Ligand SMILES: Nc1ncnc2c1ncn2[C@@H]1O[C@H](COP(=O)(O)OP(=O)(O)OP(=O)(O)O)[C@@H](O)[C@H]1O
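Shown here is one chain on its own, the form predicted on its own, set out as structure tokens.
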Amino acid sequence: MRFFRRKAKEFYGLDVGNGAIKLAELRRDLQDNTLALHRFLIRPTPPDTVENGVIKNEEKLRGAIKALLKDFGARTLTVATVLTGQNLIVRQIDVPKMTEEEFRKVLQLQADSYFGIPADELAADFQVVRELTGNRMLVLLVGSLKQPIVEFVDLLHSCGIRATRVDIEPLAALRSLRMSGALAAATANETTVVLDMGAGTSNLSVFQGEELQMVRVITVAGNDFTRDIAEAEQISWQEAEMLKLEHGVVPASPVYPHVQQTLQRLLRQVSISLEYYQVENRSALIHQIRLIGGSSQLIGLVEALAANVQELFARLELEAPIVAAGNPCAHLELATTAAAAQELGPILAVAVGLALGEVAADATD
């Protein structure tokens, strides 16, 4: 009998969003320990199937995921995943120093006071950020309603997909940028903002160093621009989507009068969030803002956000942060089968971050 040593190990990230389902495969060469994005798939989420992290039509979503799995050439798959758009409750609390096992019991008993959600309805996790003086510690809490997550994991299982971990979108997003090299490591007081613009919602996450400080779900996203164009021009959704992708939010474009109000509403909501954080944390200056997600690639959006941020920080008498697209695939090694990811990196960012989380977990096993 001959025995063969494995030459590679695969890690998978599955990002199910309102507008698209993204699957990324990272492959580590076990001989030279290199890591590459080996392949990926992006498929549209059927309309009215997922809304803000809640499954609205299980049958349609199941069919779409099974079709994606078939196109991927797999009957079963083990993935890290996320249900994009779900409202998260993020808290940082100062508590007496204790073991993680002890704090988990405390969290179970005090879930209602921390999150306003009864423990039996809550999916929560925590991370000890650092030790404080006076025998205390700072803890990051993240919570959301449990039922949508349970339903999602069960649906994946019925498709042949086993979810080893359900991550939260902000951490997967930052991980994709940090671990790929698309975003340099930050100092403890340096603040990074990641704006993940999807089809149904836009998630704005604020990190001080590597610590998640704030998450805000903004209800303005890609579908709003498409709807504006469809209603103004009285055309189909598909036609409006094509016009949106062709012209974006450039002021000189023929569709700009249709999308201008929605663009200003988005910029205003982003500015409110940035100003709130910066006024409360003047010693932790926002250094950079990175845009990811399918709608982040709208022509003219980065420029519009950069001009808006410049105006805000001039008013605050602070140096404006760098605003740019976040593209992990511009820095990861790409297999020939994944060469197209160079242009699609912002869309694949969360899926790549999920897979990178599995790489990191495997390294510590």
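Predicted model only: the values in this text are computed from it and were never measured. Residue numbers here begin at 1 and follow the sequence given.
Omitted here: the form predicted together with the ligand. The next part is about that form.
Novice: Evaluate residue 297 for contact with the ligand in the predicted complex, applying a 4.5 angstroms cut-off between non-hydrogen atoms, and reply yes or no.
Specialist: So residue 297 counts as contacting the ligand.
Novice: Are any of the heavy atoms in residue 245 no more than 4.5 Å from a heavy atom of the ligand in the predicted complex?
Specialist: Flag for residue 245 set to yes.
Novice: Contact between residue 199 and the ligand in the predicted complex at 4.5 Å, heavy atoms?
Specialist: Looking in the predicted complex, residue contacts with the ligand include residue 199, since a heavy atom lies within 4.5 Å.
Novice: Tell me, yes or no, whether residue 170 is in contact with the ligand in the predicted complex, where a contact means a heavy atom of each within 4.5 Å.
Specialist: Residue 170: no contact with the ligand in the predicted complex.
Novice: When the ligand is placed as it is in the predicted complex, which of 215-223, 123-131, 158-166, 101-109 ends up with heavy atoms within 4.5 Å of it?
Specialist: Only one stretch passes the 4.5 Å heavy-atom test: 215-223.
Novice: Can you work out which of 347, 356, 341, 23 has a heavy atom no more than 4.5 Å from the ligand in the predicted complex?
Specialist: Only one listed residue qualifies here, and that residue is 347.
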